[in-house]
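The chain below stands alone and is given as structure tokens, in the form predicted on its own.
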Amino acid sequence: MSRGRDEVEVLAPSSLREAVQVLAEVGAEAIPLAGGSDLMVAFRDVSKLPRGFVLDLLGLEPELRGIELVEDEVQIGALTTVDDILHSSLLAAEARPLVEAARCFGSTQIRNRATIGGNVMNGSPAADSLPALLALDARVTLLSSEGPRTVPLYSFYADYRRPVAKPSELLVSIRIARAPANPIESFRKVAARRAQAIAKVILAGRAWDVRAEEEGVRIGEIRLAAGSVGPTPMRLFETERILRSELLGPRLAAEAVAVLRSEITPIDDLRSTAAYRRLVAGRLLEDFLGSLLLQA
């Protein structure tokens, strides 16, 4: 595959096998392009145009688009659009936080173009889908000429917008465990507007085996994740640990909020301040814990 020094060549494989072969040859110089809702905006800046290959993935839709049950997991193909997610009855039953994330994702036009794989690979800390996927214990499957490998989403980002995928690897699917019995779930996004706005704070949660005991409410298992409060989307492991430690009541809730506010690392930027983000993240956790008390 030869090209001039400053030329951009578009490669359009017609099968997943062909795409993986292409990446084995030119992966370090290739930019995969799915829906383009992030990349096409970036490419408006001429200085950001790639100097290599653009790998057009639309020909892989028959293999990489769809939502289905695979054994005890829900598998979402990387080219599945946000609109597909929003209207999936399977995800409505098994992954409600992800459906709620899709509901506030951009505009109708963007939802029809943006893919879940592109959102994952772009890795924005403010991405709507990522806290929901983290709260659902998502795992991503990468494929190269050497075969597949699976990575938990909570360890998928080395730093700001830096996924651990190798240049020779293509994201092919996201898998989440089926919903446990009687989960209590939440997805909350705080932004300047109700739609078409980048998040200031996101908090997603899922709890199950929540039971009322004589002296209070006990949380058997809980998953919490936050967005727009650090360089990457964050799974809140320490906050989860605190909430599993003893009966839930006012003291434990206050302790969990304090742990959450110390666990996140927000910054001041054009959309908000770090202090505001800490305050709101704690309030969102308080709301979620209140729902656990009411529904137990």
Partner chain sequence: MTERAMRLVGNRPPQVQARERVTGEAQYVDDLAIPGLWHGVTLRSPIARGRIVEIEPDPDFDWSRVVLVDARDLPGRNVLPLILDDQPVLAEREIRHPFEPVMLIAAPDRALALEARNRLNLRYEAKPIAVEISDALEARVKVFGEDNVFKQIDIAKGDLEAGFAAATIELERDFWTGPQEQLYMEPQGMIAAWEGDQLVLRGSLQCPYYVQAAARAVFGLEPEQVRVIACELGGGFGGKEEYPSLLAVHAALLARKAGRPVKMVYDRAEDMQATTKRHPSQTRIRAGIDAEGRLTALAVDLVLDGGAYCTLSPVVLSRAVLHAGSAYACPNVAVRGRVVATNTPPNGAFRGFGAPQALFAMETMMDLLARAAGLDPLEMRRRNALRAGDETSTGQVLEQAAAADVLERAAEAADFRARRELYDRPQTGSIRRGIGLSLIMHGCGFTGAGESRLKGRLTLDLDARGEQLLVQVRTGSTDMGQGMRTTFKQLAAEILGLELDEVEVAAQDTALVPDSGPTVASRTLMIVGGLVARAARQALTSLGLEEGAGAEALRLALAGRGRLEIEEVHEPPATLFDEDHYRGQAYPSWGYACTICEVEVDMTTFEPRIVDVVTCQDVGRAIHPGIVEGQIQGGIAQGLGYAAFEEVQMHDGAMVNANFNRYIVPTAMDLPPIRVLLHESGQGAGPFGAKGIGEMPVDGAAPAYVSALAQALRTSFRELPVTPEAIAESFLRPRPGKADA
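Predicted model, so just to flag it, every value in this text is computed and none were measured. Residue numbers count along the first chain shown, from 1.
FYI, the form predicted in complex with its partner chain isn't displayed, but the following is about it.
Proximity of Arg211 to its partner chain in the model of the complex: non-hydrogen atoms within 4.5 Å are absent; the residue sits far from the partner. Although the partner is absent from this view, Arg283 contacts its partner chain in the model of the complex, with a non-hydrogen atom inside 4.5 angstroms. Heavy atoms of Ile198 reach within 4.5 Å of its partner chain in the model of the complex, making it an interface residue. Put simply, Asp287 is close to its partner chain in the model of the complex: some heavy atom of it is within 4.5 Å. The three residues Arg149, Tyr154 and Lys166 each lack any heavy atom within 4.5 Å of its partner chain in the model of the complex. For its partner chain in the model of the complex, the listed stretch (169 to 177, 122 to 130, 139 to 147, 184 to 192) containing residues with heavy atoms inside 4.5 Å is 184 to 192.
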